[in-house]
Structure formats: C-alpha cells, structure tokens
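Only one chain is included here, represented as structure tokens and corresponding to the form predicted on its own.
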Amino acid sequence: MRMKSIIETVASEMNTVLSQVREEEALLFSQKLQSAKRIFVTGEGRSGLMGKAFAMRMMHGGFNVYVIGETITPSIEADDLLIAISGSGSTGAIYQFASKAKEAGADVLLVTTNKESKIGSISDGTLVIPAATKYRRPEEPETIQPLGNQFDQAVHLVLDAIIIGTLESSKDQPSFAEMTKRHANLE
C-alpha cells in the first residue's frame, strides 16, 4: 500500500465530485444565508460534525447561527433557516427537525446526494453533493473510501467555499481581524 497513491486518489475523487456541484444551487444557498434572521444547522454522525464546522465558520463571519441539539439553541421561528445535512436525504431525526422547522415558518435547505428524497420533498431548496454515501446507490460515484467519507469531505469543502463567496459578496464583509476576534480564545 502506498499512502501517496491513496492521497492522490482521494484528491482526484474530490475534484470530480466538486466539479459537479451546481452553481445555481450554491448561489441559492448563499442568498438564503444572507436573508435569514438566524441559521440553525443539523446533521447526524460525521455529517453533523461537518455541520458544526460550518456553523463555527459562519459564527466567525458574523452570522447568528446555532447547532441543533446544543443546550443553548433557541426555538426556531419564521424567517429563520434550517440547514439539514443528510447524504441520503431520509435520516429520520433530520426529517423530524425539518418538519418542525417548516411548521414554525422557517425555511429549510437540504445538503444531500438525493434531491428527490423525503427531506428534499419538504425543503425550500437543495444543495446536491454528487458523492458516495454509505448506501452506495447505483447513481453514486465509485470511491476507495469507506462509508460516507466522500460525501462528508465534499460537504466540508463546498460549505466552506459557500461561506467564502457569501462573505465576499456581503456589503458588511468582515475583515480577517474581525473574524479572528470572534475565534475562540479559551483554547
């Protein structure tokens, strides 16, 4: 086994997946971030960890953002936005959160591989990440990676890129110093 070869294969897989993300979906995502009163993020397992990383960077950018399940997360309301991350688009708990968010009048954006999924059917928009999940559906790409690694890696990169683009297009773009000031200092 050659590690360099594995690293190069993973990087090549990411290039393939990222090149297929639709710009109009990423732009809608950015617009929804900018217009939301508050942003709530949810995901299970590693997808949830990618969501937490996204929420942290959003906070650095000055957004009012919360992670579902944390003790300080308030009630979701109208004009809020729930970002749901689910490779399959059918994760039970995330579907319940999305349903409750819709009942409260919030918008829901789904980050998924499956636009036609159960959560996708109630969402206000989807950001399709055309990557492999742990389900290995026939339409998913081949990968050397286990489980949903490819999806989670792509989610992290795409959401980071969306934050960069959203902040660059903002009339109130925070400076590097402002973002650094918001960075945790109890570490």
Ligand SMILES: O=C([C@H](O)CO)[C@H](O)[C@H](O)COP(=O)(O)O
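One rule holds for the numbers: they count along the sequence shown, beginning at 1. All values derive from a computational prediction rather than experimental measurement.
Although it is not shown, the form predicted together with this ligand is what the next lines describe.
Visitor: Where does this ligand sit in the predicted bound form: which of 121 to 129, 157 to 165, 59 to 67, 37 to 45, heavy atoms within 4.5 Å?
Guide: Contact-bearing stretch, as computed: 37 to 45.
Visitor: Answer for S117 alone: is it within 4.5 Å of this ligand in the predicted bound form, judged on heavy atom distances?
Guide: No, S117 stays farther than 4.5 Å from this ligand in the predicted bound form.
Visitor: Does L147 reach this ligand in the predicted bound form, with heavy atoms at most 4.5 Å apart?
Guide: Taking the distances in the predicted bound form, the answer for L147 is yes, it comes within 4.5 Å of this ligand.
Visitor: Any chance S99 has a heavy atom within 4.5 Å of this ligand in the predicted bound form?
Guide: Heavy-atom contact with this ligand at 4.5 Å: absent for S99.
Visitor: I'd like to know whether T73 contacts this ligand in the predicted bound form, with contact meaning heavy atoms within 4.5 angstroms.
Guide: Contact with this ligand, no.
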